[in-house]
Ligand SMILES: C[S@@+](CC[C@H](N)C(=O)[O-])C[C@H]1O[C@@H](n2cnc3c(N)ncnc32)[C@H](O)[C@@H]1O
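Given as structure tokens, the chain that follows is alone and in the form predicted alone.
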């Protein structure tokens, strides 16, 4: 069967790495294409296993992939015709394995996406697919649909897909408490992966917010100790609530990240979502914060340790890293964070 996952912009290679690591040693997986915010692959195992992918925002079963789509309205007829010829029996079995039961009178909803110049509108694309499915005896619903069908045309490629995942694939059920500008779990997971976790890690997030980075590290496997802190009491309360009684040993502190009450050379990994400009308010304050935090992170980090830092303030972070000549940027990724361009830095001692 043909599947696709949607990921945040910039995380495509990390998603590919996760897929290969999880399923590459079996004969079930064959990755076919890496596109912006999307991976397309064949998988012959149980699709329920794919729902545990932590870089994925959504998982889809691709009913039809159509290359060489044109600008003309004939593309709409091609998409509609492909559904009429499609074998829905295999789709029904795949959906059943993830808990979606297909029936003759199926309540459905169509989501359409369209990019590039066309001789038709997005709503035209949506209605063509709706009509094809209505002809099968299914019915549209304005409420909660049992099945979400996505039809998309991007560039020369057209897709008709069924969404197999629920919203909590990306949101994570552990996030019971939220704070403003909380980090998306898929981005947090990707940052943790870039730190290359090890079972003996002492792992620090000195600006932990609602605890998302710490929880993603806890869920990734064994560690020696988790340490989290934040200047905000509300943030720490959210972290405690999201952790509950799980994931020991760990310790949380209310502190100023510019003055960490930790001994030198005691931490293996520092992974942190640095404050963006709108959070602090003005550039001099932000520069001061970054300067002192980086010095503290370097002080508590072991000689072979690693920092993974997220920021939208690339120039500020670059300037402060240059001041600390003993730190070296080993990797830099451009990512999308809440619709804003940001960068993930992987930093080690030079």
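Positions refer to the first chain, counted from 1. Just so you know, these numbers come straight off a predicted model, no measurement behind them.
Only in words, not in the display: the form predicted together with this ligand, which the text now covers.
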Assert contact residue (this ligand, in the model of the complex, non-hydrogen atom within 4.5 Å, options 192, 208, 270, 215) equals 208
Answer with one of 110, 153, 132, 274: the residue that has a non-hydrogen atom within 4.5 Å of this ligand in the model of the complex. 274
Given that this ligand is not shown alongside this chain, does residue 61 nevertheless sit within 4.5 Å of it in the model of the complex, heavy atom to heavy atom? no
Considering only heavy atoms, tell me if residue 226 and this ligand come within 4.5 Å of each other in the model of the complex. no
Report whether the minimum heavy atom distance between residue 161 and this ligand in the model of the complex is within 4.5 Å. no
So, in the model of the complex, is residue 182 in contact with this ligand at a 4.5 angstroms heavy atom limit? yes
Sort through 215-223, 112-120, 99-107, 250-258 and report the only stretch with a non-hydrogen atom within 4.5 Å of this ligand in the model of the complex. 250-258
Contact check, 213-244 vs this ligand in the model of the complex, heavy atom within 4.5 Å, ordered by sequence, gives 213, 230, 231, 232, 235
